[in-house]
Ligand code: HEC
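Below sits a lone chain in structure tokens, taken as the form predicted on its own.
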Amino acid sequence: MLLAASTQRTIGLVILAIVFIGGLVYIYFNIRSARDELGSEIELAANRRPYMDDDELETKRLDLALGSSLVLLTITAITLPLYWLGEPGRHEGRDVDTDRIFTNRGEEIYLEGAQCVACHGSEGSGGSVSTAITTESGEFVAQVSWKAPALNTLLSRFTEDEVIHTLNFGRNGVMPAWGAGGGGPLTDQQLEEVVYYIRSIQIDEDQINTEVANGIREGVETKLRAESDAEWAIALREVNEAKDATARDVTLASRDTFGFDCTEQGDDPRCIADNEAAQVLLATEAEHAGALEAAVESWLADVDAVRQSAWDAALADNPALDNEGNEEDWRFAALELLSTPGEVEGQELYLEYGEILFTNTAAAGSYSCARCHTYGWSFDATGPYSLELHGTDQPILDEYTQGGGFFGPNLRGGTELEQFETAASHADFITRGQTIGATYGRGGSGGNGQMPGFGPATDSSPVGPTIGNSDEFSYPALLTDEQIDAIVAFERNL
């Protein structure tokens, strides 16, 4: 299309040049053949010769003039449509050029201007930012490392309008306000340029599925390593506890000695001891890697069996669910059983799976619910120790109150059962997320759309011109229906 537009533009320029040069030639010869005007006259002056009469004019001279006019009209009739046919190509070229320029400017802002890369990582892959935790009265507690979510899946979670809102006004007291509307340094156009860059770095469905699956496996591994009675798990726990104890002693000692920890002064003998403890742990993990892998596969297979038993029970209650077109009804009938205590054998295991999804650590928590709904989760408040130059040497929290509320509302104590009458409506809300100004559930107020959606997303009002004839963008789901169902069951049992 761009090549066609370029060819048509060239033809138009050639024709314009021919007409222009022809006009100059006509003017030149007309001036050369004309005589000076001597003044107004009623009859032909003596110094002027008469022109040709009608009999002489209405011969080949008139035919030549008419023929020339016809040729010019033909050229005009052909070239104008050709020019108009190239208009879509010119529009598309403008859109492509706008996309390229805005994306490059947005990348410059991301990397150098606002330096978003410092928190959100290279190409929006996720990172962390150091921030202070204080009490309600403003007293300092600790300097912590806050998980900054990945932005390479951002448009699967939020519309571009919602992204602009967050860029303008910040989020959660950690993400600052960057737009002029919220008192920040960036203009509206610069915010749109950042959105263009974010649009360019979104990852595909296969990458998303891989990240989520890796996060699930990590969560299952952590659970089995902490709770399993198998010999390999006991050995891993013993070595890990010894490593943590060594790391704590080393870090405390190195802080006293150097004023900072071993990550910045690794050549001290006590830091070497820390490294040796880590090497022992790695060797033990390598020794038992096969057993751990088999245990993870077995655990996930048991979860699948519980889910399948719920589907079987739902079908036994209503055989019509197996009819063509009833797949969604069958899914939600099984989910209602999985969400109701005592209805399905092995429900506790399924709810543990839901919690692992709720707290998925992949991509700095981009796929998790705990990032917003659980206080302290975003900065590892229950870690074995929090060692900072200024702060506490103890965990900030003894344990998380999962779903207890923080940036997002409290999900505990049956609040989700009161908000959503059915597990189906609950799952639908998590799939779609909150829409700016729209209510949800029984009494969910319309807000600013900061509850993300985890299902597939379509943005029908993107920023700036779109490329081609499409006026919308589509993005893959972050979680499958099966994964969303497990989260729903977990939340409805908090």
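These numbers were taken from a predicted model, which means no experiment stands behind them. Residue indices: 1-based, along the sequence shown.
Keep in mind the form predicted together with ligand HEC is missing from the figure; the text below concerns it.
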Review point. Between the options I356, L292, A334, L411, which residue brings a heavy atom to within 4.5 Å of ligand HEC in the model of the complex?
Key: L411
Check your understanding: Would M451 count as a contact of ligand HEC in the model of the complex, using a 4.5 angstroms cut-off between non-hydrogen atoms?
Key -> yes
Point to revise | Heavy atom of L300 within 4.5 Å of ligand HEC in the model of the complex | key: no
Check your understanding: Heavy atoms within 4.5 Å of ligand HEC in the model of the complex: does T103 have any?
Key -> no
Check your understanding: Is R171 one of the residues lying within 4.5 Å of ligand HEC in the model of the complex, judged by heavy atom distances?
Key -> yes
Check your understanding: All three of I208, N326 and A363 touching ligand HEC in the model of the complex at 4.5 Å, heavy atom to heavy atom?
Key -> no
Check your understanding: Which of 234 to 242, 397 to 405, 219 to 227, 419 to 427 has heavy atoms within 4.5 Å of ligand HEC in the model of the complex?
Key -> 419 to 427
**Study point:** Contacts with ligand HEC in the model of the complex, stretch 126 to 153 (heavy atom within 4.5 Å)
**Key:** V129, W146, K147, A148, P149, L151
